[in-house]
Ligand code: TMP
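Next comes just one chain, in structure tokens: the form predicted alone.
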């Protein structure tokens, strides 16, 4: 469903280790500094369904792909109803770290049909006004996770799995603005702000015409 609310909805996508969470936070802080009314959120959420998903991510006995997909859909439905739509109705800029592109890429890498997931999600979800995708080689992403963040990898962050995820993103990212994640976070933030403000102006012009 198209976003027909007065607010602006932007999502940040990319494989783990691409820097998307850092960019989402920087974008939020930069826009707040400009006086924009913003909301920063993420998926999976910390709600009841998101909590089950996070347990599965680190479990040696992960839930089946279909079970995880069902939980993602329930978590997103609740997220949209309780967080995203109320903020968009208020005319706020909503910045979301991961959305249904992630669901398609990550569950697709587990054997489900990513195109079908996208189609289903678009029917049941609010489509973003802007999707920013951070592109990075999986090897570099894993290196960042292990050395830069000094964290162990979860089930979503193994190299073979991330390689499959990156391949699926290549198939579904056509609607996204692609940025090189190897650029500095300062440069990426500046690019993201410029693109977002341009899209925001376009939305305002189209809604007033």
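All figures in this text were calculated on a predicted structure; none of them were measured in a lab. Numbering follows the first chain given and starts at 1.
Missing here is the form predicted in complex with thymidine-5'-phosphate (TMP); even so, the following discussion is about that form.
thymidine-5'-phosphate (TMP) in the predicted complex comes within 4.5 Å of a heavy atom belonging to residue 44.
Looking at residue 173, you'd find every heavy atom of it more than 4.5 angstroms from thymidine-5'-phosphate (TMP) in the predicted complex. Although the partner is absent from this view, residue 54 contacts thymidine-5'-phosphate (TMP) in the predicted complex, with a non-hydrogen atom inside 4.5 angstroms. Contact check for residue 92: every heavy atom lies farther than 4.5 Å from thymidine-5'-phosphate (TMP) in the predicted complex. Partner contact region in the predicted complex: 36-44, out of 136-144, 179-187, 36-44, 22-30, criterion any non-hydrogen atom within 4.5 Å of thymidine-5'-phosphate (TMP). Annotation for 92-114: interface residues with thymidine-5'-phosphate (TMP) in the predicted complex are 97, 98, 99, 102, 103, 106, 107 [heavy atom within 4.5 Å].
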